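Taking the form predicted on its own, here's one chain by itself in structure tokens.
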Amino acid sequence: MQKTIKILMFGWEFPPFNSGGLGTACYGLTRGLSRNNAEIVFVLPRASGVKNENYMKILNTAALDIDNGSIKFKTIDSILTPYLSSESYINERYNNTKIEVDEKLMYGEDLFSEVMRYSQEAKIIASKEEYDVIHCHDWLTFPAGIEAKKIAKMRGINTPLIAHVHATEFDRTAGNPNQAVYNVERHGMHKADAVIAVSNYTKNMVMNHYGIDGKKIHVIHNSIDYMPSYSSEEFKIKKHHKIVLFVGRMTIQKGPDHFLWIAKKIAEKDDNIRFVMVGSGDMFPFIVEEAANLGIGDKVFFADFMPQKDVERAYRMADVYVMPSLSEPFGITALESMKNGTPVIVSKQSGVSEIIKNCIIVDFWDINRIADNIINVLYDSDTRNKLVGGSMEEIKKFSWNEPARKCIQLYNSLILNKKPLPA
């Protein structure tokens, strides 16, 4: 019988409070791991409202009282949130009236000191838990993983540390990284015993920009647990218009401005098509204003951030889903759209394009070609039926068991080959 592997996992978002694909990926991966004889302790900066799953324990750092030498904290409820920038962290810390004055004194002065404070919490958690591997998701948790590994070394155990890269600072900023974030990312990847990249696209990014040996990087694509969904819901808007859908954070990485430029091209040719944009982010005010400036304000509908169940309805409502990301490490929304029977057009600069066949793949910058493909999918029944039929057959083969199995293989390899600590 396969030995149970105990995983200490650090993340920074988890359903139902997702702001992006990371939480969805963490949920799917942990479920897959649990089906492969793994025990997981999942640590979040803030777990208020997140329910314990029956297959793992979620630890909330807010439950800890810390008195660790020169570092002293009371009960902690970190204000680290998904996809937080330095500016938005400061705004949250100083301007959120829901945070009491005494609580503000506990939080770091800036995003980076808060990340480091969170890493100190990890030392307490690591000292109380048993684990065979440490698995960290993205840069905010890399320092926490490093501290957990130090605690294991104090016990005389050389516990493997894995840095799981879902997105780099180069992705998030379209090639203009914040140096401080980059430094944390790079340090974490170099300290890790192995790096997991969610695509070959990301592996190349990590090799080229962070100086990580390719032999240390293991590509494990994200996935989806396919379950057939049946819905007879009718959407009134569909009686009059074709629907083109965008789902994602309103940030430069995801290309919401490119989506609008595509919409403008199409609107000049066809007045019957409407565009729905689901998501929020720092570019949201600009995107709303830009739609008006382009003269398509009456053709673009903004849904802001929506719960996953409503996002699923949006997929079913749409006639085509477009992912025009400038730099997309994976792009799990494409799989979600396929699962709901909606054809997809994805950026060539994406990881998901490496593993799906029944889709249309176009360079994000090729606005005219994307627009032409959208119109073709909307009105050419042969093209549409081929895409929908092929993608529905393809998506049935997807399962989080496969990436989980690859993670288990990596864990076992690291545990087997780990070097003993010097006496």
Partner chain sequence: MVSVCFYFQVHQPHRLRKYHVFEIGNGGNYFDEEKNEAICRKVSEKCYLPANNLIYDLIHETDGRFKVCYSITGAVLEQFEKYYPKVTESFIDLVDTGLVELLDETYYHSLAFLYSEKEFMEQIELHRKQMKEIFNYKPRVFRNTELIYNNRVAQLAEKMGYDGVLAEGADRVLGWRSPNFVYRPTATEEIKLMLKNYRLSDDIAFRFSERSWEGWPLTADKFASWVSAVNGNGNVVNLFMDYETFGEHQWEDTGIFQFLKHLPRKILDGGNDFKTPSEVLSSYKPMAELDIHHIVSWADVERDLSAWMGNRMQQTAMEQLYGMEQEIKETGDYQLIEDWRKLQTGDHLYYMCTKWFNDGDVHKYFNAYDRPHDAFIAFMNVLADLKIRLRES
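Positions refer to the first chain, counted from 1. Bear in mind the structure is a predicted one, so any value in this text is a computation, not a measurement.
Not on display, but discussed next: the form predicted together with its partner chain.
Interface residue among A194, I146, V288, M116 relative to its partner chain in the model of the complex, by the heavy atom within 4.5 Å criterion: V288. This chain is displayed alone, yet in the model of the complex one of M317, M207, I220, A174 has a heavy atom within 4.5 Å of its partner chain; that residue is M317. In the model of the complex, no residue of the candidate spot (I356, M392 and K396) has a heavy atom lying within 4.5 Å of its partner chain. The closest heavy atom approach of Y182 to its partner chain in the model of the complex falls outside 4.5 Å.
In the model of the complex, its partner chain sits within 4.5 Å of a heavy atom of A292. Though the partner is left out of this view, R313 does reach within 4.5 Å of its partner chain in the model of the complex, counting heavy atoms only. Interface residue remark: N272 is counted as part of the site for its partner chain in the model of the complex, having a heavy atom within 4.5 Å. Contact annotation: its partner chain lies within 4.5 Å of heavy atoms from the stretch 238 to 246 in the model of the complex, the single such stretch among 212 to 220, 238 to 246, 346 to 354, 324 to 332. Along 126 to 150, a non-hydrogen atom within 4.5 Å of its partner chain in the model of the complex is carried by no residue at all.
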